[in-house]
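Presented below, as structure tokens, is a lone chain in the form predicted on its own.
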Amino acid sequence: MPRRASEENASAPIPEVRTYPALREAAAACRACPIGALATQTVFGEGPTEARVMLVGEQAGDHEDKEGRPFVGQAGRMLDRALEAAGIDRGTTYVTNVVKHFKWVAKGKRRLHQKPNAREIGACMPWLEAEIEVIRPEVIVALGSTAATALLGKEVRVTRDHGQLLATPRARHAVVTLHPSSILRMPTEEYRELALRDLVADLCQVAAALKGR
């Protein structure tokens, strides 16, 4: 199978035979951008390969980098809470990130998140494209602006377009919504609850789409 131009430019070792185990194993050795040299490990997506929903975040965080699994920290627990409220079993979804390594800067003993740049996102996009090709989800959920832009383009705005069923060649539907970590950064509990309510409402649209409504 010929590789897309984005894959050739990224110099990522995407295997010719694409299965989930082959992709996961190959991604562990990817150093197509500088982030991999600082990260503990590659954090590849996980979930059933027949998942109808793919949830895509920005990048691995500190906890994810240490454990090697996506959305296992505070943001992951917030996502779990929202999925449960929307009636979606996380165990039936495939969860991943645009960027498979943790980009960080040291502040004392802490590792603080840094937003990936366009080059780093471009280097990782072949992995996400390959995941989509293998999983073939019905609905792709972009969590936050980085994922929304990477998957749907700069014209999409999370604040304006969240919760809508958007067209994409990658799946039957795409939905953009808040990244759970943005809820954690809200200044008060009241704001956090309101933002969580918005996230749940957007995920309810995903649940409805799966039911064909």
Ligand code: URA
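These numbers were taken from a predicted model, which means no experiment stands behind them. Note that residue numbering follows the sequence shown and begins at 1.
Unshown form predicted in complex with uracil; subsequent notes refer to it.
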Does the 4.5 Å heavy atom contact test between M78 and uracil in the predicted complex come out positive? no
Wondering, does T168 line up within 4.5 Å of uracil in the predicted complex on heavy atoms? no
Uracil contact in the predicted complex: H179, any heavy atom under 4.5 Å: yes
Contact of G61 with uracil in the predicted complex (heavy atom, 4.5 Å): yes
Just to confirm the contact call: exactly one of 158-166, 28-36, 45-53, 62-70 touches uracil in the predicted complex at a 4.5 Å heavy atom cutoff, so which is it? 62-70
Is any part of 91-120 within 4.5 angstroms of uracil in the predicted complex by a non-hydrogen atom, and which residues would that be? N97
